[in-house]
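One chain is shown next in structure tokens, namely the form predicted on its own.
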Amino acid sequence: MARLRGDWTVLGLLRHAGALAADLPALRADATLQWDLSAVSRLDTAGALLLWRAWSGQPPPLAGTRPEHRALFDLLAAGPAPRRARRVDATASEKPAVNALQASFVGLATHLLAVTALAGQLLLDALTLMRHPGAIPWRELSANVYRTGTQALGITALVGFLVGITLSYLTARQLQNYGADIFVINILGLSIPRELGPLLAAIIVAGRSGSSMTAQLGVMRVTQELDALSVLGISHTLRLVLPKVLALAVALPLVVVWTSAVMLGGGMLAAQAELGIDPLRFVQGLPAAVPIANLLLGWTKAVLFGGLIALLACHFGLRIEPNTESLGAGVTQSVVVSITAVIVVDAIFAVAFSNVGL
């Protein structure tokens, strides 16, 4: 008879587990050998598993086993509960493209509903500020106008100047073939304030300022600052989102005026170098070539672009989860969606107002 005694737990077997794992199977070779576990003071799952493996899953005749110890062996004998086979959806496996498209539409609908809800909340916040002018966050508004407007003048001027030169050179080459050099003033004066100026400035601001807004709100989510504002009873849409939307809606039209002026300046220099058009003649010909409706249309689009970029940037910033991976993905989505939305809205304006100012 094999009599076991002592403490058969993780700590008790720490020093002797290797020797016991080698000696116990030799005792198990005798099929008539009985095992007495009455002197075992404590037995945990580690000790029971050591014996169970030595017995190769076939317990020998046991004598003097305590009920609580026998329950452990009964549990090992029962084995793990069989796992239920996962039902495979044949339609899902056969049509992954359809499922992916469906998920994309669901995600788009979710974002549209969330953006609409955020815009509605901002409208309510604006009405609240109109009733209580003393609560208007002027400092936050001015800071956002400075960050999104003043600090963006350098990069927009550089890009606008180069685009104006490129557009003027390409247009001049085509006009020279027909002897219509003077019409470069009409082409640049019509396309830049109406289309290229607002679109170029909005794309630059979306990549520069929109990503910054998303990252700012995302970091506040990661550091739990937004939760702290909620605990204090401070509306984060009123104090954080609304100032950004209003500031960018005010700053972007000013940036568009600056960008369009620099683009026209670059086009004017290129027209002088390529076609010999005097800069004074270029400036004097702009008012006659460009109806005032084009300027108003460009500024209207700039206001809409600014509010839309800030709204989408704040939407993705508030949806960021408290981890760095979500922060990076949210900033990327914000820039891509903002630029896409700006181009879509610009195309809608181009079709809807195709007979205005032309």
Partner chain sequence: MDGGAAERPASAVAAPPALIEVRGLLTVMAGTVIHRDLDLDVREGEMLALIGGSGSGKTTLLRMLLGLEVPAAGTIKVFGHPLGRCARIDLECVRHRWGVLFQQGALFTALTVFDNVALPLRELKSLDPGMIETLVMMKLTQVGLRPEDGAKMPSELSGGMIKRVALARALILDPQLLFLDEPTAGLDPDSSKQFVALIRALRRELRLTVVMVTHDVDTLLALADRVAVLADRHLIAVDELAKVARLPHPFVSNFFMGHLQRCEGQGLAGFRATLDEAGGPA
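Positions refer to the first chain, counted from 1. For clarity, every value in this text was computed on a predicted model and none was experimentally measured.
Keep in mind that the form predicted together with the partner chain is missing from the display, and what follows is about it.
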Given that the partner is absent here, state which listed stretch (234-242, 148-156, 283-291, 259-267) has heavy atoms within 4.5 Å of the partner chain in the predicted bound form.
-> 234-242
With the cut-off set at 4.5 Å between non-hydrogen atoms, does residue 275 touch the partner chain in the predicted bound form?
-> no
Does the 4.5 Å heavy atom contact test between residue 229 and the partner chain in the predicted bound form come out positive?
-> yes
Though only this chain appears here, would residue 121 touch the partner chain in the predicted bound form if you measure heavy atom gaps against 4.5 Å?
-> yes
Give a yes/no on whether residue 170 approaches the partner chain to within 4.5 Å in the predicted bound form, heavy atoms considered.
-> no
135, 127, 78, 112 - the one with a heavy atom within 4.5 Å of the partner chain in the predicted bound form = 135
Residue within 4.5 Å of the partner chain in the predicted bound form by heavy atom, from 174, 104, 142, 224, is 224
